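In structure tokens, the next block holds one chain alone, the form predicted alone.
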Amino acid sequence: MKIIDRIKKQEEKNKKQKKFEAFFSFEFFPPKTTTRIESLYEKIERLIELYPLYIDVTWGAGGSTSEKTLEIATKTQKFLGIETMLHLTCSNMTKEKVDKALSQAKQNGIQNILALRGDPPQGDKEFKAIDSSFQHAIDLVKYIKSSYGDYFGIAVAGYPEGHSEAKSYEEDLQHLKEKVDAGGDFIITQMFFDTNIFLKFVQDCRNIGITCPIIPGIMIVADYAGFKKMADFTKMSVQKEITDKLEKIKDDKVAVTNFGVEVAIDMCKKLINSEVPGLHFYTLNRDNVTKILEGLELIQNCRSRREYPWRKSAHPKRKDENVRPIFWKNNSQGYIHLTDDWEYFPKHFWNTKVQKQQYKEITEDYLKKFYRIEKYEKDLPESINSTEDVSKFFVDYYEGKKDFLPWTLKPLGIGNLIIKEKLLLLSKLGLFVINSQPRINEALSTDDAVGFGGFGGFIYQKRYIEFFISLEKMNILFKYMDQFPNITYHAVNHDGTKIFTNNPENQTTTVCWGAFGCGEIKQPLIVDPICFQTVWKNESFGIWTNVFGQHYQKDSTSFKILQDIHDNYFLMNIIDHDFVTPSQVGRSVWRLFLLLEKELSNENENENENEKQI
């Protein structure tokens, strides 16, 4: 989606609510090493949980980071589900390079370009175009419009104090108007520290007929040397009180960072009071922007910005997708990869048209790519000598002592904290829970734990729990299953040769839905038995040996125990269709597990009694 359309949508929302709310966005630059790039992805994934309107990725001086920029923009757009704007410069770019960059951007679903002249390559003092067709940003804007029509949304740069190479401030404003007239949809400004200068710049733009949105670029001071270098390079004005304060604390990095946050909060408050459309933060790949947004109270009710309970891909071909199996709730990226070749994405219903499409194959490489546990290795058990050690690992996770399971590389979600004690009980019983959700009967769509879809709706969920279980314990559950008419279950072994279910027609079940005023019911999470018994079964079982097991030698006791679980346990899911009755009343799924606990306790007591007699 074009960012300008998102900006207009936010403006319409403000008018409808009769309440002004500024959006925010983040800028990142490509790191030099693969390790740092992986670290950046993790940082971006955390920051986009704050629901920025978009992010952008810089294009290094002279095109020095072009491949990395495209790679990062593609992954964030496609897998992390955030609208991403690609920087593109004239610096060191031929027509062929520009064509290649734009073609790759379109191919990967990127619809937004920040068109810049760019800085000279490192070591050069002056900008020199290597292709006469691209000497200024306006040349790039015109070329994008002539070659791609309205496909790309185009942003251009503005300079509140005039570009350092411009003959005058007035001349630079005229150049800016020409860029906008040529096809620029909105303006992002160079950094500044004096809000009065920015506000005057906006008024001067309006006076010469520039009517598009103007977004202030906010530089966050994080270290003194970087600030000084940037201030000298851009020749921007900085208030004396700021420079004096920084001079006093320049050797104290923590003090500089804290002061930078204070300055940014003060600036942004003044800008918001002046009703700027949004704030664009130059993050320098740091996450201290979170403190600024907290200080501005802009990240309250982040859940109210969630469109779905899973992060949607921002690729245009998936724009209508709004239904997914619950199995990949904790791994949206993996699901997007597996369905990337699909020609049809479900809208409203999960039907036979979807089921006939082919998922990509679950390979060892796929598992290692989308379930990366290297950074968590210190938190894995040093050794595993019994299935009880595996149970302890799961218990530690549900007690909050561990931040991940190999199936979900994140701490227990806020929604599942509601049923934390119940999940802990199952782990102690030797059931390895990898996915779950509580029952919800009419929560607000803005609820911090389970909300999605924006304001004015109500959310409903059926209890759902998915776990690995031994055949012995599963047979105990089956003994009592008839007492629970509201329960549907599916269980499958690793090679699919044994399947147990009380849903023989393999009907798809909606387990999460939302009602929104006069709009249609949204039902974004379903349980599809066919998918569960095939592709998801292969993925979840494969994690035991190809992800979890990779931490241990193949001839070790630890690996053999994980292999045994893979070979002999069942993957089971249970849906409790009674989303109205609280768990303390009636026949909820949790009472089924209490019966399992009681029977296992009786068996242990009998064993202890026999040992005493012996």
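A residue's number is simply how far along the shown sequence it sits, counting from 1. Everything numeric here is computed off the predicted structure, so don't read it as measured data.
Below: the form predicted in complex with a further copy of the same chain, not depicted.
J.: Among 342-350, 397-405, 424-432, 446-454, mark the stretch whose residues have heavy atoms within 4.5 Å of a further copy of the same chain in the model of the complex.
T.: Result for this chain: 342-350.
J.: Between the options T534, Q357, T363, N441, which residue brings a heavy atom to within 4.5 Å of a further copy of the same chain in the model of the complex?
T.: When a further copy of the same chain is considered in the model of the complex, the option within 4.5 Å is N441.
J.: Which of K560, R46, H577, R36 has a heavy atom within 4.5 Å of a further copy of the same chain in the model of the complex?
T.: Only one option qualifies, and that one is H577.
J.: Consider N503 of the chain shown here, and say whether it contacts a further copy of the same chain in the model of the complex, taking contact as heavy atoms within 4.5 Å.
T.: Result yes; N503 sits at the interface with a further copy of the same chain in the model of the complex.
J.: Does a further copy of the same chain get within 4.5 angstroms of any non-hydrogen atom of Y143 in the model of the complex?
T.: Because no heavy atom of Y143 falls inside 4.5 Å of a further copy of the same chain in the model of the complex, the answer is no.
J.: Would you please decide whether S332 lies within 4.5 angstroms of a further copy of the same chain in the model of the complex, comparing each non-hydrogen atom pair?
T.: Looking in the model of the complex, residue contacts with a further copy of the same chain do not include S332, since no heavy atom lies within 4.5 Å.
J.: Although the partner isn't part of this model, could you tell me whether T509 comes within 4.5 Å of a further copy of the same chain in the model of the complex, counting any heavy atom of the residue?
T.: Yes, T509 lies within 4.5 Å of a further copy of the same chain in the model of the complex.
J.: Can we say K462, T488 and E520 each have a non-hydrogen atom within 4.5 Å of a further copy of the same chain in the model of the complex?
T.: Per the other structure, all of K462, T488 and E520 touch a further copy of the same chain.
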